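One chain comes next, on its own, written out as structure tokens in the form predicted on its own.
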């Protein structure tokens, strides 16, 4: 596959007329197509847009930034191949990507062996726990998603929970994390169902949940089209048990795929990006959120998504680290990323350390509710 290369040049001249411009090569492998395309497409668009912006302002420390971007289509094997190619052939100094947990785990294995900084855009806690020297990530973990959901359930007086999870990497990881967190937060898992991400009907599992005595709320660890199918099935069955989706569906695409009526009243943990207009003027994330939203929607005429925001934050973290690094080379960039402190993005405020390669706490999550086909802050 031929990589997309975002190389911005302000002036073309005859060869030899001017000295070569210094270059910083950044790699990316995202799932711009395939089952996770709704997540990876805005990530790819965001990275290309930001590269264009930074080069339009003179690059990083006066050096032009080149993006070498591959579409792994959500295939972990392709992601591993592309990560190897980025390092060995394209000679990048860092990698951003890994739209899904599966592709992230493939990329990080290659990046860690090669000593190349990798910033993942996927949610599973296993990506950064235990801490790996060269691997960081931008989204909240699936464990934090469970904690945010269960905290809201506590506030609403719910204690008996049904889980229905996708069997993909993210769904399986979040399902496991929710089951671990549940007893710590006074929750009892009374039903535990799964579905394949390629399934086109989950009414059988939902019917079992509806028939389980005492269920007070449903949690769906999942993302992509299958999560939208599940939401439609829930509504088709006339169910009224309070429904919590995951941060894996935090985009307008989920509402559009499922249908606004199907997801009316659903709650989920999300980012400030989805409720940009509702942020207080003093909110520390508001400048980053509003600037990215305006740029993305102005360029692509489509709503921003949480997933594009993850890519925004990944590039923000990386470019900030390169600007501070002692040299634009992998080890120095890694050290600078780990020293990031108080950097406000669309997802939260990042402070990394030698023992924390996530850099976020639970306060960055906003509890959202879908009302009238739009995102609102849950009350």
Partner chain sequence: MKLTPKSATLLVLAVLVALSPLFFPSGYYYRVGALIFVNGIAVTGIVILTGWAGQISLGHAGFAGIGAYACALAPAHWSLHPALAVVLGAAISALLAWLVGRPILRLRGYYLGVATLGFGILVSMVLNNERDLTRGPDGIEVPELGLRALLKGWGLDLSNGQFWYFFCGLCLIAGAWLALNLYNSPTGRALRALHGSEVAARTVGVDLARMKLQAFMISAVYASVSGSLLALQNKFITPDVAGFMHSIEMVTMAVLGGVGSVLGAIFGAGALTLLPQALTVFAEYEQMVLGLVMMLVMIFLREGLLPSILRKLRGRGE
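Predicted model, so just to flag it, every value in this text is computed and none were measured. Residue numbers count along the first chain shown, from 1.
One more form of this protein, predicted together with the partner chain, exists but is not displayed; see below.
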- Note on the structure: Note: the partner chain not shown here; in the model of the complex, the stretch from 255-263, 228-236, 272-280, 118-126 having heavy atoms within 4.5 Å of it is 118-126
- Heavy atom of residue 223 within 4.5 Å of the partner chain in the model of the complex: no
- 4.5 Å heavy atom contact, residue 135 to the partner chain in the model of the complex: no
- Message: Against the partner chain in the model of the complex, would residue 173 count as a contact residue? Criterion: heavy atoms within 4.5 Å.
- Response: yes
- Is there any non-hydrogen atom of residue 102 lying within 4.5 Å of the partner chain in the model of the complex? yes
- Message: Whether 315, 324 and 340 jointly form a contact site for the partner chain in the model of the complex is the question; each needs a heavy atom within 4.5 Å.
- Response: no
- Item | Contact assignment for the partner chain in the model of the complex, among 267, 293, 85, 143, heavy atom within 4.5 Å | 85
- From 77, 154, 207, 302: within 4.5 Å of the partner chain in the model of the complex by heavy atoms is 77
- Give, in sequence order, every residue of 143-169 that has a heavy atom within 4.5 Å of the partner chain in the model of the complex, or say none if there are no such residues. 167, 168, 169
